[in-house]
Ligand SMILES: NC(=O)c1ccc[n+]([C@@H]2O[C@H](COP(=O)([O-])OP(=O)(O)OC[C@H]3O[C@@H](n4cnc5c(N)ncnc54)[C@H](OP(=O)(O)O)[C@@H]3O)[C@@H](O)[C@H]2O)c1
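A single chain, nothing else alongside it, follows as structure tokens in the form predicted alone.
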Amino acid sequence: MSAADKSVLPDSPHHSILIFGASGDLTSRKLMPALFTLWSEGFLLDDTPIFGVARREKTDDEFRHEMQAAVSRHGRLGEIPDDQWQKFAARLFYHRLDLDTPDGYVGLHSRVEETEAQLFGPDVAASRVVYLAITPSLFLPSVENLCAGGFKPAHDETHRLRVVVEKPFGRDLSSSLELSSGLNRLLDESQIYRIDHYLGKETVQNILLFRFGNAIFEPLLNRNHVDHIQITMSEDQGIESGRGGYYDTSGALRDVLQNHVLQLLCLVAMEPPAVFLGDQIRDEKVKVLESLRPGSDNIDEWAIGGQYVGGTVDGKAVNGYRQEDRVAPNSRRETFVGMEVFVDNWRWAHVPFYLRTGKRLPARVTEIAIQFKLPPLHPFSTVECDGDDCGLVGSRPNSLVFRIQPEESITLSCSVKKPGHQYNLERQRLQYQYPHGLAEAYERLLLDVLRGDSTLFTRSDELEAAWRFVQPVLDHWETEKFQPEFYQVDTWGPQAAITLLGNSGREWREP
């Protein structure tokens, strides 16, 4: 084993990992490269078996060859020496299984047990991690068949089975509750790891440490000093090939805002937990979600839905949303969401949170921008020019920005005096820039599952609270009354989203 920090190693020395949906894109692009990196860096023991499970016919050697190509293409460690890969691949196995057919699970269980006995010894009780990289319709049938096929451990050994569930966790409140109810009927909540890969990103994890580990900043993050907070998750791409059918039933609200954006809001708004442990942190996140309220009584005034139309980007013509492959020609599905929301608690009362996510915007960027209030008196100013148009500009608000992607960083902006004989201002930045080659989010999250650390995973009551908040918007946008406002590609969304902030004299940042 390498010199990995023992405090972040798995909680048990013996694990088996099963990936359901091993022929899919997620396995080749994210999961297998992450597992190979964990093994290469000493966080995964040499004798840990990894079983790819899918319905296609395939041999172990074929699976190993495919995964070698995938890791070489998508991994972050560069060229892999053949002897190193062969050592890792010796613990890769493939098992053909129809996931919705109960009979096959007994054979899978027998093979896993036989392999564990060969690798760990006959008397070792290994823990199993089952990753459901499959279509949501198979989540419950797969877990039911797992439990019936011999994988469910005794009541006092629940830690020996951990099931990782990829989003979407339902498509609305009722389906989410149904899924959670079904999973909780079969498994203990502590065995369910609902994964949101954004929470594995380095800057996201640093939000809590930065907030609660610095006596300078923590007292400033409240209604007395913060004017407003913006959370942006923008994409410059449209609909990827083949995803139009999925996206046209989902949209930006379900696909991104309900999960990724609200999770970021929770981390920047939550109170410090009594102890820095998984359940205590998630308790505080639930309190934030339960404190959310809309920006007004009229949904159309605080929740803006938009849809991009065709135009030109970098000199090339691009389709509008309705011209994308497998999208209905009269679709009303939103590709942009902008919201004004409030957190009704003592810390954040009357501080607006502005949320936006969308496709075909000018840049691919995710950030949280905290804008502070101006001082009560700000007598200094300077002359700034935009072409031939010049004028006096006063002090600008300080801002604290967590850039999550790309080029991860934490930046504090402030006004200082320009060198010279006059009191002219200029804006300067204090910045921590993350180094290149950061661990991938899936590496951190998979390691946390092996460690039994649920801090960065979504609990059922947290999920329910998020769906409860967005459900009225979903209901309204499914009616004929709703028509998304069109916006041109390569712009920052519809005019109504600009007005959302402009009504209070604010404006969106342009990252």
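Quick note: we count residues from 1 along the sequence shown, nothing fancier. This one's a predicted model, so the numbers in the text were calculated from it and none came from an experiment.
Although not depicted, the form predicted together with the ligand is the subject of the following passage.
Any chance all of 111, 146 and 149 sit within 4.5 Å of the ligand in the model of the complex, going by non-hydrogen atoms?
Looking in the model of the complex, the three residues 111, 146 and 149 all stay beyond 4.5 Å of the ligand (heavy atoms).
If the cut-off is 4.5 angstroms on heavy atoms, which of these, 168, 397, 295, 153, is the one near the ligand in the model of the complex?
The residue from 168, 397, 295, 153 that makes the contact is 168.
Counting any non-hydrogen atom inside 4.5 Å, which residue from 451, 55, 64, 459 sits next to the ligand in the model of the complex?
It is 55 that has a heavy atom within 4.5 Å of the partner.
Residue 410 versus the ligand, in the model of the complex: is there a non-hydrogen atom within 4.5 Å?
No - in the model of the complex, heavy atoms of residue 410 and the ligand never come within 4.5 Å of each other.
Hey, in the model of the complex, is residue 139 touching the ligand, heavy atoms inside 4.5 Å?
Contact with the ligand, yes.
Is there a heavy atom of residue 21 no more than 4.5 Å from a heavy atom of the ligand in the model of the complex?
Residue 21: contacts the ligand in the model of the complex.
Heavy atom to heavy atom, is residue 249 within 4.5 Å of the ligand in the model of the complex?
Residue 249: no contact with the ligand in the model of the complex.
Given a 4.5 Å cut-off on heavy atoms, tell me which of 154-162, 131-139, 216-224, 268-276 is the interface stretch with the ligand in the model of the complex.
Of the options given, it is 131-139.
Out of 87-126, which residues reach within 4.5 Å of the ligand in the model of the complex, heavy atoms considered?
97, 98, 99, 100 sit within 4.5 Å of the partner.
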